[in-house]
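Okay, here we've got a single chain as structure tokens, the form predicted alone, with questions on binding and movement later.
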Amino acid sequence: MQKGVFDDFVREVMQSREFVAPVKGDQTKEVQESFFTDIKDPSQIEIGQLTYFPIKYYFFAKKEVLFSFHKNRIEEPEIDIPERVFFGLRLCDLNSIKHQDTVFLNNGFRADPYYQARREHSLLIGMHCKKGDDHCFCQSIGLKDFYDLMFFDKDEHTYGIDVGSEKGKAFVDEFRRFFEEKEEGYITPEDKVTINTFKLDTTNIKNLWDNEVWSSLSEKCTACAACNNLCPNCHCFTVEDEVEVGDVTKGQRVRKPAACLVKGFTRVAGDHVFRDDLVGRFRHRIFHQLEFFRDRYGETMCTGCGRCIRGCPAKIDWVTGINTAARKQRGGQE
């Protein structure tokens, strides 16, 4: 695609679909909290950096009504999802959606109907990162190619575009006048490289379970759950009944995201908390990202976006902490 026709392409797509893309955040803040939103004009799009906020809440709502109830009557809501094109997703974002698909669609049980509806009405268009920032470590993870289309910034005038699915191919065919066919090999292996200066030395941390690194890292943690909220992969939720004050037989059952850094995450009847200490909660989160998810599904849950480090108010750098602990342990064994 020639860059000169990109704005016209976006405007034409917007005639039949919502076009969700990254935009700049508040420029007066020290951290520009960029985010994804349904844009109204191509000039809003900002593709120069990874967004501060993840894409996940478009697929996993911050509050979702599962059903309403009144006495013995239950009513499920209609699922009405517009057709959406998601543009500007980085490979870390795309792999996080892949992981959500694993949990909510392909886990061997019934697919989650709400998540399924959102995914069926979505087209995923990526924008390749040539270089990460000081917090990205995606090259340490081994991300998969997972997208309908992926844009590569070839030169000053041109985007190279890789078609990654049948849905992506159908989309290109529908808007054919904006695309040019190129010979195989036009997008090279060099085009697909992302350079990261920040590294996670190992994702195999089983032997660090009892390491003092968790006490050291969690000393500054306030359990604010910013890391859970900013992580594109965290998908835990709680289910609650919200009843009307004047009539407790009437209300809604809702699903909301839950955060494993919060003490109440493992609270059960009788007020017992399974992970009462903050050190245990901090360690559990990292082990879920690097070990537990992989043990069950065969791939690391963390996608190396660095949002949890970038947005931590206490500036906790768990990647460097793990690197240091792993090196010390290897040195002691050697």
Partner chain sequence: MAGKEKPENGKLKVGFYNVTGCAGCLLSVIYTEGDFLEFSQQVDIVSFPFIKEKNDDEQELDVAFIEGVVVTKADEETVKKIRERSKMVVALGACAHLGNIPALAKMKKSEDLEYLKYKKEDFNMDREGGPAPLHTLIKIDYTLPGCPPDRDEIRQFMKYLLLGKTFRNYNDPVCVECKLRNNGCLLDQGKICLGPIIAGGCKAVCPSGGLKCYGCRGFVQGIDKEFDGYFRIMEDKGFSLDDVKRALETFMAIDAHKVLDEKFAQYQLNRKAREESYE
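Positions refer to the first chain, counted from 1. Since this is a predicted model, take the numbers as computed values, not measurements.
Although it is not shown, the form predicted together with its partner chain is what the next lines describe.
A residue is said to contact a partner when one of its heavy atoms sits within 4.5 Å of a partner heavy atom; L278 meets this definition for its partner chain in the predicted bound form. Within this chain, M14 is remote from the site of its partner chain in the predicted bound form, having no heavy atom within 4.5 Å. Looking at K263, you'd find a heavy atom of it within 4.5 angstroms of its partner chain in the predicted bound form. At a distance threshold of 4.5 angstroms between non-hydrogen atoms, A225 is in contact with its partner chain in the predicted bound form. Interface residue among N229, S122, N196, Q100, judged by heavy atoms within 4.5 Å of its partner chain in the predicted bound form: N229. This chain is displayed alone, yet in the predicted bound form one of D247, E181, E76, E174 has a heavy atom within 4.5 Å of its partner chain; that residue is D247. Relative to its partner chain in the predicted bound form, residues D134, F137 and F237 are all farther than 4.5 Å at every heavy atom. Comment: 54-62 is the region of 54-62, 282-290, 38-46, 298-306 lying near its partner chain in the predicted bound form, near meaning a non-hydrogen atom within 4.5 Å. Counting a residue when any of its non-hydrogen atoms is within 4.5 Å of its partner chain in the predicted bound form, the hits in 205-225 run E212, S215, S216, E219, K220, C221, T222, A223, C224, A225.
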